[in-house]
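A single chain comes next, written as structure tokens; it is the form predicted alone.
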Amino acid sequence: MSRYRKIINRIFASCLFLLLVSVQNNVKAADGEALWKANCANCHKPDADYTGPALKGWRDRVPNEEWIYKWVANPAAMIATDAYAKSVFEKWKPTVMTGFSNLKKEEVDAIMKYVDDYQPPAPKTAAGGGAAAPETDNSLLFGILTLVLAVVAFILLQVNSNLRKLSDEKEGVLRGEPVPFYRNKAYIMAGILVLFGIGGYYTINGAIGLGRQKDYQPEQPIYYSHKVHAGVNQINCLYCHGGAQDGKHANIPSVNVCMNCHMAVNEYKGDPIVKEDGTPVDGTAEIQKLYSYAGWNPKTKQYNPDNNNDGIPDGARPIEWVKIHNLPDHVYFNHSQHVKVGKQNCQTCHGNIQEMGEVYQFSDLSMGWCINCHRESKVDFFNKETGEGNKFYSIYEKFHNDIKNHKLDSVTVEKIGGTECQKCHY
């Protein structure tokens, strides 16, 4: 009987080994994409120019394959010494790529392999050619499979125990009666620890996520498509949200700002607009809703008369937009400081807003998310020799000397106090 026990143990060990190897291979395959999303996706796209150039086909552009490692580690030093690096900077200036000296050569290889192998996702359509089906979440399936594997492991342990008992009886070995699993202190303790671990994990995650609303996408009074306005029609964000450049708040545009264009544009003739759930949107009907809020008569092409002398056309009322991005009252955030001084694009915090239909919250806007951005984002540091950059930073004499002596290739927001508590909480 001991021979069978050894065979079963070997089979079980082999299955466990294959499972671990499979998981390891999957993790390795995902490393390139994970590293890309963590370090590159904010500024680059694989197949299209963004804040930085498209990276697909990089091998055909760089002088040699070793060049990419030097560039990733220290772009500023490369710009000063390498002709091709200087030409890249001339095309994309004043933006200078953040150096990632912490990335190992193998990690850079994984990122660039992901870029080389990247294929744009095929459009998802229903079988009848209709709207795309919503993406499915496989978490439940993985949970069920994990539970099944746990049950199988428990059964194998019981089988092993019974085979050992039969073997002992045949060989005349006397052993005490085994303790039932539901009374076994080791099993009970293991179960308690597992429950505490799972409960603690979900409790901590729930506590961390309190007040956050990433992916929040409320239904608005008017279906306003940023994809149509900022994407197709290339309307600058600051035309509607002028406060983002000049003040603390980006501001929601008044109805009059919308009417500047829609006095003339009274019908939607673009590509069909479809919500995420596949529901079609009548663009012309949404424009009519705007007219109703503005008190505008599209037939006479005039505002309604002000019969009650309150200073606004009869029937006009403000649009009750649902606010999406909310920060706690104890957090200070200034849009102009980031847009005008920090020269950040709207997409840094709001995602590819020009590709969104109805807007949703792209980032979780947590303190950790902001701090990581401050650790990585470079300051538009004033260059005394060329006179370029923000003159406010000319007072940081030490950093100027460090850059001049090549001790630093750039200065991040963190180095000028961007991670100090009182910068955002006071």
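Remember, predicted model here, so these are calculated numbers, not experimental data. Rigid core (definition): largest C-alpha set, two forms, superposition within 1.5 Å. All residue numbers are counted from 1 along the displayed sequence.
Below, we refer to the form predicted together with a small molecule, which is not included among the displayed structures.
The shortest heavy atom separation between N160 and the small molecule in the model of the complex exceeds 4.5 Å. Within this chain, H374 lines the site of the small molecule in the model of the complex, having a heavy atom no more than 4.5 Å away.
Under a 4.5 angstroms non-hydrogen atom cutoff, the small molecule in the model of the complex has V322 among its neighbouring residues. With a 4.5 Å cutoff on heavy atoms, Y268 counts as touching the small molecule in the model of the complex. Residues of just one listed stretch (98 to 106, 140 to 148, 188 to 196, 310 to 318) have heavy atoms within 4.5 Å of the small molecule in the model of the complex: 98 to 106. With the partner omitted here, the residue from M78, C258, A294, A110 that has a non-hydrogen atom within 4.5 angstroms of the small molecule in the model of the complex is C258. Superposed on the core, the two forms barely differ at G368: its CA moves less than 2 Å between this form and the one not shown. Superposition of the core reveals a Cα shift of 2 Å or more for D82 between this form and the one not shown. The two forms, fitted on the rigid core, differ between this form and the one not shown by less than 2 Å at the CA of F392.
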